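One chain follows as structure tokens, the form predicted on its own.
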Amino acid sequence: MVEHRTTRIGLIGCGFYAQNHLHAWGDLKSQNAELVAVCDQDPIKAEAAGRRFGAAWFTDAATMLESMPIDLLDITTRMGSHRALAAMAAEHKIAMIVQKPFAPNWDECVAIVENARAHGTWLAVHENFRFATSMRRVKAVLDSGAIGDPNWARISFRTGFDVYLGQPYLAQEDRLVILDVGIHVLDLARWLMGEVAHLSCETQRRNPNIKAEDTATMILKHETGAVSIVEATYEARRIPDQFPETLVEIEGTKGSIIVTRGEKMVVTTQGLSFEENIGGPLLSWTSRPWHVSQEAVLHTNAHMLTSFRAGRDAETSGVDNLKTFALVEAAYESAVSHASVKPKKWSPKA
């Protein structure tokens, strides 16, 4: 076992979903990650997190960054604050992980990436779906060549779970399902099927009590020639509900991979098939059905920690996540134009 010096972790944002990050860093203490400071504008949330996880607590991010020795900063606030907080971290030469969505729009995402590069600061985006135990297993089977070259897929996140209960602000967002969860499934499509040449998208607002789209149906043409259908909705009506699982179907030249509810995978290869349970075990701080998402946070944080220590980019670096965010922007553009759209491409400044 390789010993590492302690990596000092700071976290900004102690709200609803950030609790999973806090627990994940607690588990990673065994790998010499020490949560040394937390911050939230709400002093009750900040103090509660600090006391529970044994960290100093703050209500002002600038004060925390100036007064605490932090190696790696986990920014778990809402997306509107990401640019300013990332700029603070870059100015202090502190490596950072930014929660998804990276920012509200393409220009802000690019600004965060370019500012981090200008300061020589390590930057990653907490895009966690691809780090779920089930999705890692799908990728391993795909990479093994068992189903040949993948040429068609359906990647689906459909639920009627009341997401507004824990995050009521979602009902008033100008952009909703594509930016909130569609970004996850679009990232999976890139990761599993390759980069995207163009896409088309239709959106719906089926819940009259919210401001933006709650359903998106997207068709992606990948650069390999493969086609995928990517679905995201918060208005599904089905029992049992699949929340928060992503269902996957991938067809290739030699077989297929099907992931069904309950994290069960059926692989067909050269005329034979086998079934496998591909979910991870419950952790001490997780519970069904949230466990699928919660354990993905732990694996994402572990990957970030390892990558940062090794001095290499994370899989979901800021630069990589621009490719996923470009698909989000293309989807919104297509929903308005009702035409296929090529995703934007970013090139570093000379």
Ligand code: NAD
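Numbers follow the displayed sequence, beginning with 1. These figures come from a predicted structure and were not determined experimentally.
Not on display, but discussed next: the form predicted in complex with this ligand.
Next on the checklist: Within 4.5 angstroms, counting heavy atoms, which one of the listed stretches 126-134, 267-275, 187-195, 142-150 is next to this ligand in the predicted complex?
Outcome noted: That would be 126-134.
Item to check | 4.5 Å heavy atom contact, M304 and this ligand in the predicted complex | outcome: No, M304 stays farther than 4.5 Å from this ligand in the predicted complex.
Next on the checklist: So, T260 and this ligand: in the predicted complex, are they within 4.5 Å at any heavy atom pair?
Outcome noted: Contact with this ligand, no.
Checklist entry - Using 4.5 Å between non-hydrogen atoms, is M79 touching this ligand in the predicted complex? => result Yes, M79 sits close enough to this ligand in the predicted complex that at least one of its heavy atoms falls within 4.5 Å.
Checklist entry - Going by a heavy atom distance of 4.5 Å, is C39 a contact of this ligand in the predicted complex? => result Result yes; C39 sits at the interface with this ligand in the predicted complex.
Checklist entry - Should the three residues A18, P101 and D180 be counted as contacting this ligand in the predicted complex, with contact defined as a heavy atom within 4.5 Å for each? => result Verified in the predicted complex; spot residues all in contact, yes.
Next on the checklist: Using a 4.5 Å heavy atom cut-off, which residue among V248, L72, A116, L85 comes into contact with this ligand in the predicted complex?
Outcome noted: When this ligand is considered in the predicted complex, the option within 4.5 Å is L85.
Checklist entry - Though this ligand is not shown, can you say which of A24, L327, I9, I12 has a heavy atom within 4.5 Å of it in the predicted complex? => result Checking each option against this ligand in the predicted complex, the one that comes within 4.5 Å is I12.
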